[in-house]
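Given next, in structure tokens, is a single chain: the form predicted alone.
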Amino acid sequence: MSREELQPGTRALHAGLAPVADGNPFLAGPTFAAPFHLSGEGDPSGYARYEHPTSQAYEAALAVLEGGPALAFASGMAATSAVLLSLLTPGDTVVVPSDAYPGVRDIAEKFLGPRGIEVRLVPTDDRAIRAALPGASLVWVESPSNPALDVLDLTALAAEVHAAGARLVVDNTLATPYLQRPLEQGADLVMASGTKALTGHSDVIIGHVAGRDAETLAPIREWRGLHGAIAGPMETWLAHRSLATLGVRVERQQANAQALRDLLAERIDLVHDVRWPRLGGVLGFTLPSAAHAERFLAACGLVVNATSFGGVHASAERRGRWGTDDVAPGWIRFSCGIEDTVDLVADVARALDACG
């Protein structure tokens, strides 16, 4: 049976492991080294700023999950920077979501624009993106978007982007390749912050970019080496280790999200605009005011008030506290953990009663 015939959870469990041999560990430990023995002609593989055995194993695993070669980065933002700053040159035009992750918008407005690259900010909406395509070189999208959780038709969008002569990059952080594989839907590149649901334990900062082929990744690989943005051996080993539980984590998080959505739908006295795109354990909803949202978060016993998402512990935040997103003051981004569903639902129900 080929790896592509396996179910996503099985692929994640076995991806990137060394061939079976007596005495071999399931997953080799991290290799801590900067230079490696190297004779003959110069080869970047002799220095860990370019690649090292632990990152190679993790990237092999990511390639299995994403369906194309991958590069690990020190963070999701390092991966984002590598794509945008290596592929765009003065005179190019890039389409970026106006509701994208704030760091993406900052790079576009503070670094790309001043370098003579036209930046078109549009909402995460199929029609709005299509209208911005003429003359574009690169289109960056999030689906589902963060924090509004809007979803795009990636297959149709990829066809239109390519017809316009541009490349499509998809931020797949929220869904992970367990639930969505943008390369199969026509994207040229996929970026993800592995800090979130992909590794899922809230103990490592890492990111990656995957592409349709090695040629597509070549300028991004060169950028990573020159800027020293590679992830270290400990981070890549922890990330690889965490992939084994990706399937069971995502399935529990989704089950919890479904149960919470059902609870929230019943609380029309207090809750409105409940959003859950069924692509991960993150959902959103609006409480009447910022004060209601703060009381809700303070009343939760199992839910951590934190800004990240996708971890094994349930977390939530009033997203408007940052001032970077166009959301209502009482908008809550809620990330389901792997708690027993009955306990998490009961905790949220009590918190809603306390904040009303």
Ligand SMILES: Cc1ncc(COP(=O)(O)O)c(C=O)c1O
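Throughout, we count residues from 1 along the sequence that is shown. Computed from a predicted structure; not experimentally measured.
The protein also exists as the form predicted in complex with the named molecule; that form is not presented, and the subsequent description refers to it.
Asks: Just one stretch in 140-148, 254-262, 222-230, 88-96 has heavy atoms within 4.5 Å of the named molecule in the model of the complex, so which one is it?
Replies: Result for this chain: 140-148.
Asks: With heavy atoms only and a cut-off of 4.5 Å, decide whether Glu235 touches the named molecule in the model of the complex.
Replies: Heavy-atom contact with the named molecule at 4.5 Å: absent for Glu235.
Asks: Thr124 versus the named molecule, in the model of the complex: is there a non-hydrogen atom within 4.5 Å?
Replies: No.
Asks: Please determine whether Val250 contacts the named molecule in the model of the complex, using a 4.5 Å cut-off between heavy atoms.
Replies: Looking in the model of the complex, residue contacts with the named molecule do not include Val250, since no heavy atom lies within 4.5 Å.
Asks: Residue-level question: is Tyr58 within 4.5 Å of the named molecule in the model of the complex, judged on heavy atoms?
Replies: No, Tyr58 stays farther than 4.5 Å from the named molecule in the model of the complex.
Asks: Of Ile129, Ile107, Met77, Ala136, which one comes within 4.5 Å of the named molecule in the model of the complex, counting heavy atoms only?
Replies: Selected residue: Met77.
Asks: State the residue from Lys196, Arg167, Arg181, Arg275 whose non-hydrogen atoms include one within 4.5 Å of the named molecule in the model of the complex.
Replies: Checked against the cut-off, the match is Lys196.
Asks: Suppose contact means any heavy atom within 4.5 Å; which members of 198-236 contact the named molecule in the model of the complex?
Replies: Residues within 4.5 Å: Ile205, Ile206.
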